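What follows is a single chain, given as structure tokens, in the form predicted on its own.
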């Protein structure tokens, strides 16, 4: 019986660089109020959102990803040719095939990097990060680009009072590479498909194609059910990620949760009993909910503003449609 040669991957992996792209157009709550019965005060108190970015026709999923990726690669200090894998998490690329990751890999100038898309909603960045870590440990790639990107303005029903104000567009990217010590902890992830109706697309594309419905499909959610699940269940998952990494809240420097809602973030901080010294990402105030892009965008902003620094220990957790979730502890680049 032949023996398979063992992989020659790195012992560990870490995030080496981060980059973000936010569309040029900034959309205040006043624009949202043109189509729903509400108020700026209500939107801010319910979600914490003051403004969000919406993409133009030129700011495609691919183009935003390329912009964010270029910054991440430069931040990592490597060449594009060294990228061996491109993982893109998105729910708003409207071509079923080919994967947008292949276009991004080509236009960036990688040397035929493995490239594929994943669909894991707001937990997509965590899923991609975990896959990248595995690729590096396996030796199938030395450096992997993980991208979270969304154009959720294309999937927003501006007449839906529960969701019209929530979503924004943007792209965040990180380069994951080899490390000599642990810098990405074990991932605590999973799904609860019995709750899939709480966040979903209104109708299948085929219903719109066949004329069964006249309104273009959009994302809708049961706000209270999502809030309760996120606050109570995701705090438990976050704690499990800390335990898996072998640290406590006192060891944390930064908390970067999915930017779904400021009230959810604040409730998780309280439930986890995070010390005052922990910096908490609240990028949602000016970026909105960008699903798979929200964690890397928030990470990039914290580092750019100096609120977080290289080498800090951060807890990241994403959660959303599926319902799916993924949490891990990372060392910031």
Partner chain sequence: MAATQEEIVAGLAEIVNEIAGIPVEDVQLDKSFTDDLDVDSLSMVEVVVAAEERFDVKIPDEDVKNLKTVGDATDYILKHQG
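Numbering follows the first chain given and starts at 1. Values in this document were obtained by computation on a predicted structure and should not be read as measured data.
Omitted here: the form predicted in complex with the partner chain. The next part is about that form.
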- Query: Does residue 46 reach the partner chain in the predicted complex if we count a contact as any heavy atom within 4.5 Å?
  - Reply: yes
- the partner chain contact at residue 277 in the predicted complex, heavy atom, 4.5 Å: no
- Although the partner chain is absent from this view, report whether residue 255 comes within 4.5 Å of it in the predicted complex, heavy atoms only. no
- Just to confirm, residue 224 within 4.5 Å of the partner chain in the predicted complex by heavy atoms? yes
- So, 25, 51 and 54: all three within 4.5 Å of the partner chain in the predicted complex by heavy atoms, or not? no
- Message: By the heavy atom within 4.5 Å rule, which residue out of 200, 161, 228, 107 makes contact with the partner chain in the predicted complex?
- Response: 228
- Contact with the partner chain in the predicted complex, heavy atom within 4.5 Å, among 116, 232, 94, 216 goes to 232
- Only one of 281-289, 62-70, 295-303, 261-269 has residues with a heavy atom within 4.5 Å of the partner chain in the predicted complex, and that stretch is 261-269
